[in-house]
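Okay, so here's just one chain, in structure tokens, the form predicted alone.
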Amino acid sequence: MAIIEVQGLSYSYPDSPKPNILDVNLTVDEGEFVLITGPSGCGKTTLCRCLNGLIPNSYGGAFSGRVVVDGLLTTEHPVYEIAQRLGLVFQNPENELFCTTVEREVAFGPENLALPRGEVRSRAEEALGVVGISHLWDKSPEEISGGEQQKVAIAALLAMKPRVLVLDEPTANLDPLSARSVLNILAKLNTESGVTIILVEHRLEMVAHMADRCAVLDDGKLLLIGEPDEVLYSEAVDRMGIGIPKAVKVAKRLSFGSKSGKKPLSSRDLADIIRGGKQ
């Protein structure tokens, strides 16, 4: 059952010479993990802002088409209402965190829903436990690492109990170890809690194998969408020059995908094929 429906979406920022998003159609089913990638400036961040209603409610510009989030048409509902269904995490967590402690940061959303005090605390404790940073309860967000800050941003959204998480390059400013930790949390939320994940990401080597589907944007248009092994092995994506996983490049050169029937997306997948002699 679709939880996100995007139909004929086009959008231009004020004074933009051309559309930043052009005739995008996308359906995301409940519980899916959808990976979105593409060259810089192709419209990925703009699409994220359309999904949570910031566009057109807060940006102006020329908007056409329909975006429906868990039954809510974004042009007919305020952002704070959509935020209870869909949470958006940005690239730089420092731009999102403003409270004096981690506990207050995570409790901020539920408090603004006017929930009972006990419910607010319960949600904050649960969210911090899910992302594995309960020990940071009394810490200032300014005193913790970038990876921990990103986990706080995710926990703050989880405390709102959204059914969908949209993340706009959440690992862009993180070292590989912190990035993998954040991505593993997203995979766990998807598989164990059933949270629908829409992830914009360039580090395809780390995340491609986690996704159910992969979508590629180019110049504001949805170029391809399908299972990750279909999309990332396509010649069209290869010509775009995005960061295709090294395992994919090696497998294509050695024709593993065509001979074995299995198309590796990660180094581990590739190593398993080599060890098994499935060439």
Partner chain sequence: MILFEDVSYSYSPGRYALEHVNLDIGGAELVAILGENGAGKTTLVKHINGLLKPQSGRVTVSGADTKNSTVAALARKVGLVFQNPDHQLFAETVEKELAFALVNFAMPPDEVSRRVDWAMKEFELTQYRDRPPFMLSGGERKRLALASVLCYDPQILILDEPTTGQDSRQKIRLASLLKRLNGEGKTVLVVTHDMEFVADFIPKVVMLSKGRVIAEGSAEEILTNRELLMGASLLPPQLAELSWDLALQRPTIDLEQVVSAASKLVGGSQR
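Positions refer to the first chain, counted from 1. Note that the structure is a prediction, hence the values are computed from the model and not measured.
The protein also exists as the form predicted together with its partner chain; that form is not presented, and the subsequent description refers to it.
Taking the partner from elsewhere, V79 is found to have every heavy atom lying beyond 4.5 Å of its partner chain in the model of the complex. Contact check for D175: a heavy atom falls within 4.5 Å of its partner chain in the model of the complex. Under a 4.5 angstroms non-hydrogen atom cutoff, its partner chain in the model of the complex lacks A2 among its neighbouring residues. In the model of the complex, its partner chain lies within 4.5 Å of some heavy atom of V250.
With the partner removed from view, the residue among G53, P228, G220, P245 that has a non-hydrogen atom within 4.5 Å of its partner chain in the model of the complex turns out to be P245. The partner is absent here; in the model of the complex, the one residue of R85, R180, H209, K139 having a heavy atom within 4.5 Å of its partner chain is R180. From the list 197 to 205, 155 to 163, 106 to 114, 120 to 128, the contact stretch for its partner chain in the model of the complex under a 4.5 Å heavy atom rule is 197 to 205. In the model of the complex, the residues of 11 to 40 lying within 4.5 Å of its partner chain by at least one heavy atom are, in order, P39, S40.
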